[in-house]
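This document opens with one chain alone, in structure tokens, the form predicted alone.
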């Protein structure tokens, strides 16, 4: 099987992390998001993936210098201008010479969807397109996808007012498409598959079906969901260990390689401490992911946070429910709270407080 993974977005809601790194290459518990997706695809027999790229495409080529990830051959389709989701899918599939059905997934989705069952559903219904649906409490900010009893899609209802949605099932961003679907995508212009292509296919019955599942699913697009992705992975919702080379030093406490987690550290699981990271005695770590080579000094508190590689939390500092970029520093007795993001190489001055804010990328890191 083959797949297109849409990785061309700029990830603006996660700025400044995405100023220098595309969102799919940001780590989730020490493993880049796109690698978690490729691992999932490969486990279901996908052996060729086209990365549909637009933003910082060289970063992907540099990350996969052999054009491979495990057993998967990687191809790159770089848009010269934004083409939208459907336009990007057509461009990528034609670039790779796809001549049969193929998967599509958004580059910011984590899921445990059983793709083999997804294929069986698609084939049984002789669908042109099959969409994975996930259930949410409130689809008003996203859009609902009501279906007929046999799973055929009835309509796409964009952002219904609260309490009016005809369904709590939403488009979860994974598709299985027949090659013929591309004939409905105009070439050379921006086309959104959700707003144009799928509704066009609905004009003829029996073309678009949807599989509703309660498999794990998360759209990793905001500071809140990025933090949640780490928490979910550390809790084992995608399977354990949370990273391929992590070992459990205590229940729910995972360390990689030569990570130095002092015995005097107060720990509330789950926690991941990356290769070469140092967590000093007298500090406290709660439900957090500590990246490779990061440093947590004595007296610091890191709670519900993501600390990227090489970042430093100095003595007496507190980082809670926030994200520190690569090489960032929270100086002594500073406090970072409320889904703040400290950009790569940036610093939070000693004794200051950052609540719900963002510190731009340091000039030397731009």
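Numbering follows the first chain given and starts at 1. None of these values were measured; they are calculated from a predicted model.
As for the form predicted together with a small molecule, it is not shown, yet the points below apply to it.
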Any of the heavy atoms of residue 107 lying within 4.5 Å of the small molecule in the predicted complex? yes
Partner contact for residue 156 in the predicted complex: the small molecule, 4.5 angstroms, heavy atom: yes
Look up in the predicted complex whether residue 82 has a non-hydrogen atom within 4.5 angstroms of the small molecule, and give yes or no. yes
Can you work out whether residue 53 and the small molecule are in contact in the predicted complex, taking contact to mean some heavy atom pair no more than 4.5 Å apart? yes
Of 205 to 213, 139 to 147, 276 to 284, 115 to 123, which is the one stretch near the small molecule in the predicted complex, taking non-hydrogen atoms within 4.5 angstroms as near? 139 to 147
Within 4.5 Å of the small molecule in the predicted complex: all of 88, 171 and 219, by heavy atom? yes
Going by heavy atom distances of 4.5 angstroms or less, which of 232, 295, 194, 178 would be at the interface with the small molecule in the predicted complex? 194
